[in-house]
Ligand SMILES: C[S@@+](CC[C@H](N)C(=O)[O-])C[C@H]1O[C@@H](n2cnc3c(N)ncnc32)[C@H](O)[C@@H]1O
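There is one chain below, alone, in structure tokens, taken in the form predicted on its own.
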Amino acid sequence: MSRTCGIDPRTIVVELVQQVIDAGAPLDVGFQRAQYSIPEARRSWARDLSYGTVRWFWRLEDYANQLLSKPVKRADRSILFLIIVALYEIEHQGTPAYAVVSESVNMIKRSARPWAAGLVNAVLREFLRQQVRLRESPTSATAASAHPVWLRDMIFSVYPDYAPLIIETGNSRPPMVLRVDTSRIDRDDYLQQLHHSGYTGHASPRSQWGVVLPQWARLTDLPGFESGLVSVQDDGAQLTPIALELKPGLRILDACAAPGGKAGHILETEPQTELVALDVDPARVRRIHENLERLGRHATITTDDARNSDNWWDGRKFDRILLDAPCSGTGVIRRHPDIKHHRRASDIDQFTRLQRQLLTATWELLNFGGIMVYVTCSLIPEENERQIRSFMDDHSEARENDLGPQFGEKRSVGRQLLPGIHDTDGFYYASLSRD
């Protein structure tokens, strides 16, 4: 039972969304903490209400602003957030409108601002009368696309043929994608276990390990999850072992390894691997330990900065290096919609500098004849093909390996998986050999 079962879950969601939008709080962390205050039977609903409201926030805020006779005072912003959460529930969750209006009015009556009950009631009822007009008349490009203008313009500039579908996919509910440990169970056999447990799923067309569920399930209910039979990982991210060209006896560095998904997959695919998993964040390093323990896999796990090899490197070079580089995250916004609110165009220079430093430092640790795989979950060329092209211009010994169409659209260097086009999240891959 929830520790605070007397609190309306909507109150928790409203507070969480306001923290994400107004205070820059991370949505994943916030919901992870908040869910234990929500009755278990309503957590899935509350998760969709939280993530969906953040995903569509600018569109919903536009509705509210058009319906309000005057802006809500800064001190009363919680009223605006209550209205916006209610609008999402009406428009996207299919809850009967009368129930949403009634619950929202009762909620504000129990709050510190009961005087606003009439306002909330009037705005929501007016939305029901004007919803068709409001959907057809957004007042800004941000409201129309539910994306910040800088990101929307970048997508249309770089991917003009695909931009509307990329934007649409960024605003969609993501599927749940699992990675099956095929060293322990055949994927088709696992699909049968899923179906016997009441879940609808199908094999990923892109990853030989992937299983796609159209709706999210509670992890502990999934057959074999707690014993490490499956993990949650987008099928675009599951291509890493193919890019690394794994074989027995390799010494591999996972340079930015947290939370350990790709490290676990490497070890599942090729157990006879000497894997060093490195990350700079102690809290995230704990996640590597937890994930590998659940999978029953072992690696040398170190907390340090990959750029400072004098602190952690034992002097033996690596046959493979995976650099899953810190990036803008613009390819995964359907899973992490707060990225749309927290990321700024001005952040990209900081990411590209860090990526270049990591590339330069880890490249020196690669054996001649070895392979480095550079991965981001970004759609931005400066972090992807332009980054790798610049690096190759300065390193004549670096040679590109073509990864093939499984890895998405060919760019000037490397390949790009695009949301909505390739039925995955957005990932960039480049493979470089050191001659």
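Since the model is a prediction, treat every value here as computed from it, not as a measurement. Throughout, we count residues from 1 along the sequence that is shown.
We do not show the form predicted together with the named molecule, though everything after this point is about it.
Closest heavy atom of Gly260 to the named molecule in the predicted bound form, within 4.5 Å or not? Residue-level check for Gly260: yes, a contact with the named molecule.
With heavy atoms only and a cut-off of 4.5 Å, decide whether Asp304 touches the named molecule in the predicted bound form. Output for Asp304 is yes: heavy atoms within 4.5 Å of the named molecule.
Verify the contact flag for Glu168: yes if a non-hydrogen atom of it lies within 4.5 Å of a non-hydrogen atom of the named molecule in the predicted bound form, no if not. Although the named molecule is absent here, Glu168 would stay clear of it in the predicted bound form, with no heavy atoms inside 4.5 Å.
So, in the predicted bound form, is Val230 in contact with the named molecule at a 4.5 angstroms heavy atom limit? Output for Val230 is no: heavy atoms all beyond 4.5 Å of the named molecule.
Exactly one residue in Leu275, Leu239, Val85, Ala255 has a non-hydrogen atom within 4.5 Å of the named molecule in the predicted bound form; which is it? The residue in contact is Ala255.
Can you work out which of Met107, Ala345, Leu354, Ala217 has a heavy atom no more than 4.5 Å from the named molecule in the predicted bound form? Of Met107, Ala345, Leu354, Ala217, the residue with a heavy atom within 4.5 Å of the named molecule in the predicted bound form is Leu354.
Candidate stretches 97 to 105, 207 to 215, 306 to 314, 222 to 230 - the one whose heavy atoms come within 4.5 Å of the named molecule in the predicted bound form: Heavy-atom contact with the partner occurs in 306 to 314.
Within 4.5 Å of the named molecule in the predicted bound form, counting any non-hydrogen atom, which residues from 357 to 373 show up? Result: Leu358 alone.
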